[in-house]
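Shown next are two forms of a single protein chain, provided one at a time as structure tokens under the names structure 1 and structure 2.
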Structure 1
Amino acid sequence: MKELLISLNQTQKVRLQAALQHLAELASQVSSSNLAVTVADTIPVNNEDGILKGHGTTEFDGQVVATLCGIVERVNKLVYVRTLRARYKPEVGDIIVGRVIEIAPKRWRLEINFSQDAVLMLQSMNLPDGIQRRRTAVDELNMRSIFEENDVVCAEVRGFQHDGSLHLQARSQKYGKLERGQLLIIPAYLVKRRKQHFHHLEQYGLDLILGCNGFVWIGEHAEPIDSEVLEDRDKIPKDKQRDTPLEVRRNICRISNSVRLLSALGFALSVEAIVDTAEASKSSNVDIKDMLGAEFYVQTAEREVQRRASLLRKKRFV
């Protein structure tokens, strides 16, 4: 709620309060087993032995003490604290979106909302002509033709280097430079790890990439490029390439506003939620710029309350 400074009038405030109240109630009904802790809180482990202390915990005076604010999670004997507002915590296999900040010898450095910059090696990137071969010095000199500074890139985490920085790879057709769209930065904890992070919204003709690091890309749909097609494309000079149509641009803005709205409210992002919000805005004829206004804000909160309530009911009956 810090990013959108919304001035609510009295009724809206009341409605919002009521909605938030409902959400709190629902949350307490769902799972009360997870304990919220702050720094230096003792985590109750009932004096079990062999407790594994994971991230966010330390030992003090024979007790397990939290070093972060968050929710305590337990897996068998492993106890760890899951933070909310912290920087992105990478895992191998995550899809991330980043921005190139530096071109170093044989690699690109990307900024990805992590404690260090991520490294994308030249070998981990497909060459523009698609041939698999050793990268030569000429390739190194032509790195700028693939990515420049401030380009937005989508890649996958391949592993960690010994100094803790991330190693990325972008070897498939889906990864690579992202063009013709918007990059949004939201708190990383709102993007849950799912099976799929690339989404192709057909009804809007858009690509939506929910990067696990909190960078969300919404752009015009780009077909995965074949190497033969690429040659033809290179021949067309840049200005003759067709512009994004107006309708698609409107859709991009609508979707990105719904992402902004959901992240401002603090709701976890998922494709369904984003598309629902966009649909709701369309059906209630809310203008794109009004989506970030007070009325729609409160409506979205109320809608979320209903959605979660119905989910809870479904779970109860199952």
Structure 2
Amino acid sequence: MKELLISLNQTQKVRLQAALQHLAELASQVSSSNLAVTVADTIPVNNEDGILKGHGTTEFDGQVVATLCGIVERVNKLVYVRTLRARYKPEVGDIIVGRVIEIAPKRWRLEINFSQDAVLMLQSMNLPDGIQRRRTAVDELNMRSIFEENDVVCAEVRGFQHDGSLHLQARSQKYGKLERGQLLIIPAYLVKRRKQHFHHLEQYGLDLILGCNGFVWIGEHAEPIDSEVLEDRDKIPKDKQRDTPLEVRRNICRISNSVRLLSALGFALSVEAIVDTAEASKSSNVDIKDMLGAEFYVQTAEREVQRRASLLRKKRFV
């Protein structure tokens, strides 16, 4: 996704700077226990014995020193630095969205914003007939009928191989090919790992998938369908299939612009923040194309200040 080029007037610059300063102050109050470090900063460990130096740390003159910029984290005796801006680092069980770039023997290769392409094996794929069976030579010949180049696919991280390559699996109906929507690519660190990455925005008639790898999918809601209906639908020529309703396409664009706006401001993405931004644009009668304008950009930052201040007050009362 291209960076937003927003031209602010002097008043808007002052308002934005004030909002970002308030956000920094609120963040320091919330996470005062987390130490931010830059390269060569000393990490205090209070002369504890048996400290384990993890990623982003080293020992110099008897002290633990940071080799990366980020936040110091501790797990028992392990001390490491969590970088705030970095490429996607996969973990087993992550929900990811990727794009097919190659069809190889018994596997698809996907681009997922990782240092290497991911591999989705034919045997790790839920076939359209829904029957659990061994994959045959006929299945391998029909791989292009399942996924072809440039298709957008949702899958789960299965594990790693000895060479560092990433293997995926899509053994459930909730995984597979994604259609009738938009794919946005944002920095992966803006998507936090949560219990739920699949969201049905019922009021908009959309499905939202926040991929842990920074690939975000916004598309028309699709109910799970059985194999017979799927086969009948695939027989219909693409030019004869039903078009996405205009109102749903507008909703896709509104939610997509909300994601773009929050990403440009550097805010962590959550379904609540995305929907709140979309609802704020509707209540303020902001047109979809004007959501990426300077005024709504500044208003979004100011609204985030109010939201975080309200959350902080609630925590203090509790």
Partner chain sequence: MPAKTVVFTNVRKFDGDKFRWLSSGEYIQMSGRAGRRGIDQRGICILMVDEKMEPSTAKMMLKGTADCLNSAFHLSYNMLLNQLRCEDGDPEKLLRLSFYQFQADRALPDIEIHDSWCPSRRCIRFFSSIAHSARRASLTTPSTAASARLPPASRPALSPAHHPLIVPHPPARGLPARLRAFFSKQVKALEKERDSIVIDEEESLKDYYNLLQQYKSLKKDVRDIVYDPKYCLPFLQPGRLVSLLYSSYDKKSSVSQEQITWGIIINFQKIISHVEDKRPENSQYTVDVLTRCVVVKEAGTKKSVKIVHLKEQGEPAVISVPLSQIDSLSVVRIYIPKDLLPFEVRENTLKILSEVYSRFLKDGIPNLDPEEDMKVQSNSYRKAVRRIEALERLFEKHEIRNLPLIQQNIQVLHDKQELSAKIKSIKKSLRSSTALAFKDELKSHKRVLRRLGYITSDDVVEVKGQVACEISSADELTLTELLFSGIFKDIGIEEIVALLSCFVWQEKLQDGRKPREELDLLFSQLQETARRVSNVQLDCKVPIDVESTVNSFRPDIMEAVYAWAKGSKFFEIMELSSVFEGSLIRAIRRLEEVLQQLTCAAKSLGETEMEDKFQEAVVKIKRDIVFAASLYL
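Throughout, residue numbering runs from 1 along the sequence of structure 1. Computed from a predicted structure; not experimentally measured. C-alpha atoms forming the largest set that superposes within 1.5 Å between two forms make up the rigid core.
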query: Identity of the form predicted in complex with the partner chain among structures 1 and 2; finding: 1
query: Residue 281 C-alpha shift between structure 1 and structure 2 of 2 Å or more, rigid core reference; finding: no
query: Shift in Å of the C-alpha at residue 59 between structure 1 and structure 2 after core superposition; finding: 4.2
